[in-house]
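Shown here is one chain on its own, the form predicted on its own, set out as structure tokens.
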């Protein structure tokens, strides 16, 4: 694996290998057996704000033996209009890899092509592959497996999280239900491209949660959509609360990729009741991303 640009570009074998590696790296964190990034310098280019992504990658690169520099769009010439391909060709001659958190998926793709160095998608408007890997790791830890489980994603069905979940379900075979207002469901052309019969779309959150094992939610408005009151108003019936969870299987878990807006997409009481899982999920960003970095470094 030379890059991690999307879940779409992975497959069942690579997903399982990454999760298995994350389990191993997490277990041996206090006594690591190797430092595959020793002698390497990685760059992070972020045009979107971040807490978990920035901290987990900075810690992860260092724990794997490398050094890392953080570059916001205001720090470099991208902020003054330099094309991503020119930035890539410069950094590709100086650093060993790049982690990018930005808006356009094409920017990550272009950087990987022109920079000719390992490139990791730390979030775009199209996909959030690192988060999905952390979520899969959390499911494995909490429930033992995702096989035979019903995963439900509630909220905006046409955002980076839902699209990455759909690709993961296609490759790993678990049942996935996306529950969202009709205007916020994935478009038909995307679903035809994925062609995953184990993925169901619905605008009925109660029906979606029936017999669910994993209930996953995210903010209703993605970064860059703040202030879209009309869109936010569509999600009133899609709050993850006690009433909705009463339809799920006993022993279900609740996931939230954070940050959480309490009393909007999730109630305070539900978030606190499932906080151990949700913050374990946040921690797992570190271990999943170390697995990505280690696999790229092979």
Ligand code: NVA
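Residue numbers count along the first chain shown, from 1. Source: prediction; values computed, not measured.
Just so you know, the form predicted together with the ligand exists too; it's not on screen, but the next bit is about it.
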Checking 208, 215, 123, 134 against the ligand in the predicted complex, the residue with a non-hydrogen atom inside 4.5 angstroms turns out to be 123
Position in contact with the ligand when the complex is considered in the predicted complex, options 270, 257, 43, 248, heavy atoms within 4.5 Å:
257
Is residue 160 close enough to touch the ligand in the predicted complex, meaning at least one heavy atom pair within 4.5 Å?
yes
Does any part of residue 199 reach within 4.5 Å of the ligand in the predicted complex? Heavy atoms only, please.
no
Would residue 219 count as a contact of the ligand in the predicted complex, using a 4.5 angstroms cut-off between non-hydrogen atoms?
yes
Looking at heavy atoms inside 4.5 Å, which stretch does the ligand contact in the predicted complex, given the options 184 to 192, 123 to 131, 142 to 150, 82 to 90?
123 to 131
Does anything in 271 to 286 come within 4.5 Å of the ligand in the predicted complex by heavy atoms, and if so which residues, in order?
none
